Each structure stands twice: as structure tokens, then as C-alpha cells.
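In the form predicted alone, a lone chain appears below as C-alpha cells.
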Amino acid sequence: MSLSEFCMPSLGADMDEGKLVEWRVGPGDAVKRGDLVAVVETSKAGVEIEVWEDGVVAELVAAPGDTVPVGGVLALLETETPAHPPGVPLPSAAPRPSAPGAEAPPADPAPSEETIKASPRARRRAEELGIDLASVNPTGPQRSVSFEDVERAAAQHPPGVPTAPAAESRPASRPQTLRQTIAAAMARSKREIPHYYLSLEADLTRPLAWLAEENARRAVAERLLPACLLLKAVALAAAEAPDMNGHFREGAFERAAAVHLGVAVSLRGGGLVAPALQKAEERTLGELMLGLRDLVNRTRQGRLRGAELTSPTITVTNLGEAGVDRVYGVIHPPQVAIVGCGRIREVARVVEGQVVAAPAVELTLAADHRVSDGLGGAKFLQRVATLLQHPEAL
């Protein structure tokens, strides 16, 4: 038998520690590489983390609520199954009901709000919704109340009972900590990365006309946003320009084999994160649209996966909805480029000797001068604009 340590992963260059919110497994549970086994809260978001090897959970070292440094042990796994002596029972997971409403074992009488086992995320959600934790059926590890348990209880909550506004119940320290984390990461970026900046105005007459025709053929739930065209164009251009797509670590640039496109998402409490749309260059526009909706929803619900935060190879930030014409982004290390997108606006263009109004968008690039030069950056940005002119091929 071999015991392996399952440790707190680094979910970004600016992460030093994380708080364990809840376990999705218990002692005796078999796990496979890639299984989502725990939820960790960083200064930016709640993240579902994966296990990286097959095995059986031998011991949960950290408990929900514990703050664990990156590299700190969360659990022990049995990674090799020994010959099991006959008659000796295998360790089993703590009993958990199979579904909401299933009969639960007798509980201790009248538990107080403080003594009820619940993840910090579940506790906050219960406060927001005005849910008494004692009334929630727990289905989490070791019969703790999970976030999902609170949501189920809220769905059955009698109407007319007031709930606390989310903004009032959110701990004041969280936005401050997030702001400090972003400040540290951006200060490091500007200190270590020699940025250069380029901009280009892209004509959207043909892309928007094609998009209107395409959406007319689609069901409402399947319609595309203009942002999808931009994301796909950037992904395809990045696949052709490897110096824009990868990571700079230990004094050397590592080109990425695929384009894991980071998408900047603003958080309701302030700040932003930029999780990845994996292999964006291989996705259809419809798949990108579904992936984008899912990613934004899970980001704001605190349900990101670890790989979505650690894998971005280039990022897109879109501030068009905020009304700005252009945005010059700050590269998030260890990435080497970020593409910015402003609002779609009408500009004057000369067409066949006539001045006409045409839709356009300002595209910008911030890139790392240690890896690429202005000429390469200009070709990359021009390629994005060219791809946008052929939306049917995206």
C-alpha cells in the first residue's frame, strides 16, 4: 500500500493559500483522476478542485473552514490497492442520504446555529436567503450542510418570508481581499512584464449582417452574441501565432499546444477573474456560446474548476458594455498577451466615394516584449480583424 498526499493546488500565480469550503468525498471513497473532490475558496472565487491520480481516500486531513497554504496537505490517498485480507472490511464512507427528503439517522436534539456542520459558503447562502440551518437536511460529508442543501431548502421555503440582500450579508473583508490580490497581481505584471500596446479598428458591417441572418435561423436559446465571433477569431489567430499563446516561466517562454482562452468576467461583489474556455480554437460558434454562458454563470456562483483558472494561455477582456471605445489590458502572468474589445459604435467610412456610417469595434493588444515584437503583434491583431470578415468560416 502506498499513501499519496493530495495537496492544495496553486490556482493562479497570485495565490498563496485557499480555504477548504467542502469535501465532495469521504474516507473510503474511490476517486479517479479528474474527479471533482472538493471546493476551495480563494480570494477571487470558489473553485471546484480535481484529484490528479486514481486511488481511495484514506484520510481527510483538512476540515471545511481550514485555510491551507498552497502545497499543504488536504487529504491522503491510497494509490495502490494491496491484497485485502479475507474477513477484514474495507473502510467505508460516512453514511449520507441518497436524495433530499430521505430518512436521516437520528440527530442530536436542538442543535444551535453555531454547532451545525456547514461549509462557509453554505452558511453565507443561508444568511442571504434567511434559511435556518437547523431546518436544512444535510447531505454533505459527515452530515454537513452543503451549498446545494441550502439551495434545495430555499426552493421549498414558504413565500413571503423576507430574505437578506446578498450585498448586505457578504463579508466586508472579501471584496477588500480580492482588491488586494488583484492589486498585487497587476503590480507584479507591470513590474516584470515589458508591455507594448497596439490598436486596430475592425469593420463589423459584414460580421453583424451575417450574425443577424444566422440568428434568424436559430432558436432563441441558441442565438449568438457578437462576442462569440471575437472569441473564435482570437482563438484561431492565437493558434497561428504561437508567440501570443503560452506562458513565460523561469525566464523562458513555453508555447501552448492548444488555445485555452481566458475570458474576463466581472464579479457581483467587485473585481474580476478570467477562467478559460478550453481548446477554444476547436469549438464551433454554438459551442463557444454555450461554453461562455456556462462559464459566466459558474464564475458568479463560485463553481469554477481548478483547471479553468490555471490553464488560460491568452485572455480576452471586453468592456464594450461599459461604454468605452477601447481598453488596454494588463497581462496576467504567466500569460504573454491580452486582447481588449471596446463597444460597437458607428464610424464614418468612405465607400465608393461616399461617406457612410458603418459599425466598427476597436481591438487592442497588450503583449510581452520578451516574447514578441510589435511586427508580430500587428500581424496577430490584423489576423483577428481579417477572420472577423469571414464569420461563416469561424
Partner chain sequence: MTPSELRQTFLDALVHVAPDAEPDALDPDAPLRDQMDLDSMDLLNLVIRLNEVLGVEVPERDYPRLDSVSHAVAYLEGALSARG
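If you're wondering where the values come from, they're calculated on a predicted model, not measured in any experiment. Numbering follows the first chain given and starts at 1.
Beyond what is shown, the protein has a form predicted together with its partner chain; the following relates to that form.
Interface segment, criterion being heavy atoms within 4.5 Å of its partner chain in the model of the complex, picked from 246 to 254, 296 to 304, 188 to 196, 271 to 279: The contacting stretch here is 296 to 304.
Contact between residue 152 and its partner chain in the model of the complex at 4.5 Å, heavy atoms? Answer no; every heavy atom of residue 152 is more than 4.5 Å from its partner chain in the model of the complex.
Spell out, yes or no, whether the shortest heavy atom distance between residue 215 and its partner chain in the model of the complex is within 4.5 Å. Flag for residue 215 set to yes.
Please determine whether residue 73 contacts its partner chain in the model of the complex, using a 4.5 Å cut-off between heavy atoms. It does not: once its partner chain is placed as it appears in the model of the complex, residue 73 has no heavy atom within 4.5 Å of it.
Determine whether any heavy atom of residue 221 comes within 4.5 Å of a heavy atom of its partner chain in the model of the complex, and answer yes or no. So residue 221 counts as contacting its partner chain.
Candidate spot 241, 314 and 373, all three touching its partner chain in the model of the complex (heavy atom, 4.5 Å): No, because 241, 314 and 373 lack any heavy atom that approaches its partner chain to within 4.5 Å in the model of the complex.
Given that its partner chain is left out here, which of 184, 285, 319, 225 has a heavy atom within 4.5 Å of it in the model of the complex? Only one option qualifies, and that one is 225.
Interface residue in the model of the complex among 118, 289, 309, 136, criterion: non-hydrogen atom within 4.5 angstroms of its partner chain: Among 118, 289, 309, 136, a heavy atom within 4.5 Å of its partner chain in the model of the complex occurs only for 289.
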